[in-house]
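Given as structure tokens, the chain that follows is alone and in the form predicted on its own.
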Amino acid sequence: MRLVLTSQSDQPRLRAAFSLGITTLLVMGLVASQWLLGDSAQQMQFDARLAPPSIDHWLGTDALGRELWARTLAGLALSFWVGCLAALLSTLIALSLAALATLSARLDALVSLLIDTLLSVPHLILLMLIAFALGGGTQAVIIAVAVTHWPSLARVLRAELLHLRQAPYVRISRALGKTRWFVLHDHLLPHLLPHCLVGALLLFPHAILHEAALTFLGFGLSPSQPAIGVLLADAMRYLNSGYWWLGVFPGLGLLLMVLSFERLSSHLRRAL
């Protein structure tokens, strides 16, 4: 009976380790493709314009004869870095505001008001307004996604901090005369690291999806960059003519990346 219980308790960790290994391999292959591809994503072959998938052109070509598999890999790599930076910055904002809310009742009320205000605003509209105000481009997309994705995680971290403040060891530390900063830094924040890790992984799929959506709508990355949103926007002009591969393969690549990180975060949350 004890062996059965042990194996059942280890299942979430094994699944998390397996998902982590698969996702790591995908990311390593994606990052390595940047050096292997070189400028293949921008090379034009006018004699092979809009060629369907074949042995010579694995995923077909676009309207300028550029290899779609090279542009899809380049777009996924770009989305990966944008999503990573946006998710990490958003997690840092959420952690900072959650920690700030524990310092006083007024700051807690102010942070709660800010969270409720941002959650009440339509997400995509706020993203477009911020990206447009910053002039578009990679930096604008990263800032727009980071500034709009932290409220949900901040609410979870704030609730966890408020719960931990009532722990016996925190009360003992305060009774011994320790400052609030000492309690926050040495007792409360270490307990939030698993939450921050899982929260960043959960934010990552949303970040790359909203980056692709902003770029697709024309508020994100430059059309000269091989981003997934750019590929999908260009594909819209040719789908009715039967050039289905222009939209299917970039969309499948984006979906695979999103699902792999979503599954990793789900298993990791259970394991932690």
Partner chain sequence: MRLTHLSVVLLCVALVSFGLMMVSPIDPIDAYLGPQMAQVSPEQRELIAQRWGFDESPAVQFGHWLRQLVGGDLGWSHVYNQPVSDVIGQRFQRSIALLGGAWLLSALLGFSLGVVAGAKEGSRLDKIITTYAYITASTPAFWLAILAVLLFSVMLGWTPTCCAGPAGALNQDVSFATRLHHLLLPVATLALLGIASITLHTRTRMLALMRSDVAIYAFAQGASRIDVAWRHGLRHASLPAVTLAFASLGELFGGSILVEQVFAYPGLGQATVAAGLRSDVPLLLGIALFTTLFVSVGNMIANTLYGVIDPRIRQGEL
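Positions refer to the first chain, counted from 1. From a predicted model like this one, the values you see are computed outputs, not experimental measurements.
Absent from the display: the form predicted together with its partner chain. The rest refers to it.
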Name the stretch, out of 28 to 36, 61 to 69, 45 to 53, 217 to 225, where some heavy atom lies within 4.5 Å of its partner chain in the predicted bound form.
217 to 225
Could you tell me if all three of P122, M236 and R263 have a heavy atom no more than 4.5 Å from its partner chain in the predicted bound form?
yes
In the predicted bound form, does F132 have a heavy atom within 4.5 Å of its partner chain?
yes
Whether L232 contacts its partner chain in the predicted bound form should be assessed with a 4.5 Å heavy atom distance threshold; does it?
yes
In the predicted bound form, does L20 come within 4.5 Å of its partner chain, counting heavy atoms only?
no
With heavy atoms only and a cut-off of 4.5 Å, decide whether D186 touches its partner chain in the predicted bound form.
no
Students should find that, of Q139, S104, T179, T117, the residue having a non-hydrogen atom no more than 4.5 angstroms from its partner chain in the predicted bound form is T117
Residue (of L113, A159, A167, A175) lying close to its partner chain in the predicted bound form, criterion heavy atoms within 4.5 Å
L113
Given a 4.5 Å distance limit between heavy atoms, list every residue of 247 to 263 close to its partner chain in the predicted bound form, or none if there are none.
G247, V248, G251, L252, L254, L255, V258, L259, E262, R263
